[in-house]
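Only one chain is given next, in structure tokens, and it is the form predicted on its own.
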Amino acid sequence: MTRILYELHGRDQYRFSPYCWRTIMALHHKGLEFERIPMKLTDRACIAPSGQDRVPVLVDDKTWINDSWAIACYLEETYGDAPSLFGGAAGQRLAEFVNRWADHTDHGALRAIAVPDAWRHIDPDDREWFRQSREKMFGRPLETLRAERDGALPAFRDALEPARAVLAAQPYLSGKAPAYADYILLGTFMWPRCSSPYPLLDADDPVHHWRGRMLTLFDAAAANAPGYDV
């Protein structure tokens, strides 16, 4: 069986999509072999059979699945004998909440901090499109966003308070061992880690310690990705 993951990549193998990292970690958790196929922001013909234009896209034999949450649910249902991503139906509903929280709260607070440096690591063919689309989104130049990020950092740290409170009492969001809820939040941190040297967390933050543990999982799959040790 051939299992392929299409994912976004930048220059020099920088792969910083938070959604793709969720799927990468989920596949490792399930112990499934897969091939990673990089694609540019402006060239998505390879995923056209999925019926949409966003990554990640997983091709499992002849089955195409897009969207990181849909992929996680597919893996859980299809590979029920492998280690569970959710620990049951109740855990799946809780992980879905974390998924939405990360998308709407953490990513919203992080976007203005991460985007300016992400542009520096975009494939050269994608840079003009990326700059124009993000400057339209924010209503100001990327250089202005970069100069403002110290002011945006407190909002991002505040957004992490629910996770911080949990991680002060237990090693992972999912309890004693990591599961999909942890991979969701790790994806958030892989976005800046693979594109920016800007430090986001204090060294004594429980989230910082948790992130360190997550980076070592699966033979340090996340730690070994090109990026910055911050």
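Predicted model, so just to flag it, every value in this text is computed and none were measured. Residue numbers here begin at 1 and follow the sequence given.
There is another form of the same protein, the form predicted in complex with another copy of the chain; it is not shown, and what comes next is about it.
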Completion exercise
Counting only non-hydrogen atoms, the one stretch of 163-171, 39-47, 53-61, 186-194 within 4.5 angstroms of another copy of the chain in the predicted complex is 163-171
Practice task
Kindly confirm or deny that His107, Arg111 and Leu145 each have some heavy atom within 4.5 angstroms of another copy of the chain in the predicted complex.
Solution key: no
Exercise for the section: With heavy atoms only and a cut-off of 4.5 Å, decide whether Asp158 touches another copy of the chain in the predicted complex. Expected result: yes
Practice task
Give a yes/no on whether Arg93 approaches another copy of the chain to within 4.5 Å in the predicted complex, heavy atoms considered.
Solution key: yes
Exercise for the section: Flag Trp101 as yes or no: does it have a non-hydrogen atom within 4.5 angstroms of any non-hydrogen atom of another copy of the chain in the predicted complex? Expected result: yes
Practice task
Decide whether Leu27 counts as a contact residue for another copy of the chain in the predicted complex under a heavy atom distance cut-off of 4.5 Å.
Solution key: no
